[in-house]
Structure formats: C-alpha cells, structure tokens
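To begin, one chain is listed below as structure tokens, in the form predicted on its own.
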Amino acid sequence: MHWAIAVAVVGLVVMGWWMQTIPKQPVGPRADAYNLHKSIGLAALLLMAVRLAWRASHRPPELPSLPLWQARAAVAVHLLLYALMFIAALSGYLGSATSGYPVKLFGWVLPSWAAAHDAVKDACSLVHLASNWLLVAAIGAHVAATIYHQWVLRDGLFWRMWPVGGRLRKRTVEARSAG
C-alpha cells in the first residue's frame, strides 16, 4: 500500500498543479481533469484509511540503531505525512462537497450531503493548498532521508519499503559486509 499511496499522492500533486494551467473555456477538459483528480484523491483516501487501520493493528518493524534525533525525526515525519495526506484529502473533498457542483467518483455522481457554501469552499481550498505544500516538503524530507540511508549510511533501511524488502535488505547488508 505504501507505493500505491505514494504514486497516487505524487500524481495528485502534479495533476493538481497541472490542471490549474488548463484554460477555463471550453469547460470540458478542465472539468474532466478536476473530476479525475477528485476520483483519484478519494481512492487514495480510501487506501490511506485501510493503511492506517492496518498500521494501527500491526507494529512497524523496529528501526535499526539510530541516533535518538534520527529515530524521533523518522517518527515525526511519518506522523506528519499521515496527517497531511488526510488533511489534504479531506479538505479537497469538503471543498468539493460545498462547491455547489456534484462530486463524481470515476463518473458516478456521489450523493450530495452539503449545500453550496462559498466561505467553507474557500477555506477548504486554502487548507488544501497549504497542506499540499507542506506535504511536498514532508515528502522531500522522507525521500532525502531514504537517499541518505541508502547511499550514505548503506544500512539497508531503504529495502524495508519494498514488497520484497526483507530478501533485498538481507542481500544488501550481506554484500556490504562482504565488500
């Protein structure tokens, strides 16, 4: 789920910036891009909820021996990533729900539960934008730490994120020990 969510979130950020450049006229291409963005965002939100439930019932693997500040930074960045992904997704959905336009999930119109409310929509848009900028920074910190562990420390931590991570991590550590 890590990689599915990562691809979805990075794709949503890129798409969110790109769709701002689509001309407002004719309406169709811009509306289609926004609806696809919303659909992928809702699917990512569902995946994030499943991942959070799974994480709540399964302890993460123990961190390798790290300085205390690095261990605390790792936990903080992960919590920040989760929080910002949920804030971005929920603010986007709430902004859409109060926009006065129907919210579509891959073409299906979802039931409307909120009336159009410009002030709420505008506040949600601001939260959505700010949380996404912070999310980009948190993703950058996460990727930088991953690169640091893989190519500077060479501690095999990188491979824990891959589906076949245990086997690849073991090979990496063994190769480093032999070399």
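Everything quoted here is computed from the prediction, not taken from an experiment. From 1 onward, residues are counted along the sequence shown.
Keep in mind that the form predicted in complex with a small molecule is missing from the display, and what follows is about it.
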### Query
Given that the partner is absent here, does V143 sit within 4.5 Å of the small molecule in the predicted bound form, heavy atoms only?
yes
### Query
Is Q70 a contact residue for the small molecule in the predicted bound form, using a 4.5 Å heavy atom cut-off?
no
### Message
Using a 4.5 angstroms cut-off on non-hydrogen atoms, would S96 count as touching the small molecule in the predicted bound form?
### Response
yes
### Query
Quick one: is Q20 in contact with the small molecule in the predicted bound form, heavy atoms, 4.5 Å cut-off?
yes
